[in-house]
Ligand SMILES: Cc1ncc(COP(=O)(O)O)c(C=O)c1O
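The chain that follows stands alone, in the form predicted alone, written as structure tokens.
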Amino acid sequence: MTKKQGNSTRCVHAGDTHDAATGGVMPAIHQSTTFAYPAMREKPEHIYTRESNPTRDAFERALTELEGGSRTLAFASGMAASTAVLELLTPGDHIIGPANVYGGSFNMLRVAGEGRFEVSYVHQNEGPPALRAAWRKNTRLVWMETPSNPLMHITDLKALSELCAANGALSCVDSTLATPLATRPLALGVDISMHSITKYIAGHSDVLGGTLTVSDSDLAGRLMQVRNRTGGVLAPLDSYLALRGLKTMELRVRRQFSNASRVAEELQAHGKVAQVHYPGLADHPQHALADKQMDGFGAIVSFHLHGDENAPERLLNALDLFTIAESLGGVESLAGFPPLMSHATMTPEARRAAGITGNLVRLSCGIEDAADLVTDLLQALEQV
């Protein structure tokens, strides 16, 4: 596939996923857990589905091509993929994580820091100086998240990955909110690009999964050993659904990005909204960096409301098209209150340090008509 092809073409054709045996334009769903040997000592291409599976391989090939890496490994969830990265470390190693981070990732790092690793948190959107201030002799992993959930902080991936490489630490970024279409972390020097494919890649709120994509073949081999040992693999049916979602990702994601931009602008102009967090807005602190690093600004919009502590609940209960729910990235628009939902596992102190305070609402914009989403938000804001 040539580099001149557009993203929609790449999404449809990446990975050469036609079924070679039948000519099917989509691969078969291989539910078999084990595969026959032609003869003793003659191993087949696939032996056992925990190690490899034709359907999962097809999805992994496609995402690898979109990410510009050498190998993708698909896991049973985003957290399974994330936890696998920690298995590359040695007890006593130091990890630097982002202060503003998805609640599940914070919980993972918190547990990892209880006797196994040393963990520090910094505001990585402040750049290399913040990272250097937290660096230790035993720092072996920098876990990044950009845009961050839920405040949409932007991290300079090139600058931080260069610092990691120069000091012997792995760099890994949760790039879920950017999608492979808006940011290609490996091209910026990051060692591991992680996605919760539950979100934009599968895109229909019906698949649970996660991926790790790398450029280095040795690193890929180490991660393959981790996955084979721990067993948290993406099932064949979920692999098929994820591949199906990937083929329409460009169409969905661009609509979602556009809707989020319109919603952010409308919210910023509303008198009951105190602050809007969206990197596409010119007054976002990292707007210039986002414009340079990303092709599009994401589909998550978070904002602080004026009013009393019950203002978010009144707003959320008054919404019609936005569904109150966990998660994000599906074709339907969702809304939530991070302190009680996506970031409930964070301690109150960690939420304050991350800036997840007060009347904060998070929106995940779907593919509905932008005008309808704005109308829904405006009528709900009347209840605040």
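Fair warning: this is a prediction, and the values are worked out from it, not measured in the lab. All residue numbers are counted from 1 along the displayed sequence.
As for the form predicted together with the named molecule, it is not shown, yet the points below apply to it.
Of the candidate stretches 236 to 244, 174 to 182, 156 to 164, 134 to 142, only 174 to 182 contains residues with a heavy atom within 4.5 Å of the named molecule in the model of the complex. For the residues 256, 149, 302, 72, the 4.5 Å heavy atom test against the named molecule in the model of the complex is passed only by 149. Note on contacts: among 119, 220, 89, 79, the single residue with a heavy atom within 4.5 Å of the named molecule in the model of the complex is 79. Residue 208 belongs to the set of residues with a heavy atom inside 4.5 Å of the named molecule in the model of the complex.
The closest non-hydrogen atom of residue 196 lies within 4.5 Å of the named molecule in the model of the complex. Shown alone here, residue 354 lies farther than 4.5 Å from the named molecule in the model of the complex, counting heavy atoms only. Proximity of residue 106 to the named molecule in the model of the complex: non-hydrogen atoms within 4.5 Å are absent; the residue sits far from the partner.
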